[in-house]
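Presented below, as structure tokens, is a lone chain in the form predicted alone.
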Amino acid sequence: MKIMVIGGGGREHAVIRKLKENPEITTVYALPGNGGIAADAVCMPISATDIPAIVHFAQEAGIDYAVVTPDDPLALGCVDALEEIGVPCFGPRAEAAIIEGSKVFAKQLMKKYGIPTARYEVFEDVNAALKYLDDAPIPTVIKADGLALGKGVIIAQSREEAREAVVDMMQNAKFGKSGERIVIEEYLEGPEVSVLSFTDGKSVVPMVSSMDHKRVGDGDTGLNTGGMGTIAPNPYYTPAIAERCMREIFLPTIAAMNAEGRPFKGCLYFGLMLTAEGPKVIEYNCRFGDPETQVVLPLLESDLFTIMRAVSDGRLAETAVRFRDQSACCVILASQGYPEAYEKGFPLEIADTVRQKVFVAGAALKNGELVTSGGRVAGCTAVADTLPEAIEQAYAIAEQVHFSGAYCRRDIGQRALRAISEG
């Protein structure tokens, strides 16, 4: 079978590596892929958001199945367009991808169907938003309505910071049209948990829970990034909490989307906060998380392609989905200066002994050599019997990856280890 994976980051590299375990798959194309993915797939220089070009390629290459992973093409209707020409896909249609594409839609959905989340207000006028902030509790959370590469959320620690975020989004168009409408919501406290789940619009099968590290600096300091590392499973996510989330959040969300005439098929990501009042939804994503995918998929024991086809066909309930009873850790190596300005084009060297444990996110091929081309360059992932072992091994892998200006957080997984030691 010929399949194509839309996207070009570390998440896509992890998906492609897992898909290749299925012997039915003869060729994997990545659109556009990256220099590191080129070792595992045929990369085509087609943008993930160029839907007409993707459709044309699928027809010309005789693609049998497509996996659409990034949020932008999902929101733009990539799955819709491919299914119209008879190419089955893993991923939601645009009508369902709105659950991530619009924060306002997601918040209103949760309010309408009683799904626990933070209290919020929606604003389309900058002055009304600024006036609301005069009396709003601080800290507060400011969110751009639309997609913003994972950076459209500001946790304001002061009233001044909150006003600045509102002006940046609504007046200065920091996130373009995504910030024309904003959500200001209650700041929730508690451990964060990411739960990716397979769903065919009827059944929901959660994957192993994980813990992301969004801030750029050790101790969760500095700017928000796309994610500086992850561990799985998340020790805060106990079986009792998992059962409650299934009952109060996961199944009600699928039912709500069906009731709205927007059935969701694909990977639905639940970003949760475990508050004193119980688990609440911080955000939904309509796709695999990045870098959560880099720790969750290596723990998947079942065949990923079989699961994806079951999702497409509405047969998830009769399909085995098993995960290893182990732990995983992913440490992200980033370019100095990320998530703001950084230099590119430095040679990227990955030792042969660890190559299969490194997911390349931001690299290009130049004269046959890998060079850096992004802020997050590589995810170094280890799987081990215990979390301390996985963390130690992930950092050991990172030591075998070299490029000028490379840096990483040195505390990935430490909060999880404290949670385990506190019992």
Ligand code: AMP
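Quantities reported herein were computed from a predicted structural model and do not represent experimental measurements. Numbering starts at 1 and runs along the sequence shown.
Not pictured, yet referred to below: the form predicted together with the named molecule.
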Of 153, 251, 130, 242, the one that lies within 4.5 Å of the named molecule in the model of the complex (heavy atoms): 153
One residue of 113, 187, 342, 105 in contact with the named molecule, assessed in the model of the complex (non-hydrogen atom, 4.5 angstroms): 187
Exercise: residue 164 in contact with the named molecule in the model of the complex, heavy atom 4.5 Å: no
Proximity of residue 138 to the named molecule in the model of the complex, heavy atoms at 4.5 Å: no
Any non-hydrogen atom of residue 255 within 4.5 angstroms of the named molecule in the model of the complex: no
The named molecule contact at residue 200 in the model of the complex, heavy atom, 4.5 Å: no
Proximity to the named molecule in the model of the complex (heavy atom, within 4.5 Å), stretch among 82-90, 317-325, 282-290, 169-177: 282-290
All of 18, 42 and 357 with a heavy atom within 4.5 Å of the named molecule in the model of the complex: no
Members of 199-217 lying within 4.5 angstroms of the named molecule, judged by heavy atom, in the model of the complex: 214
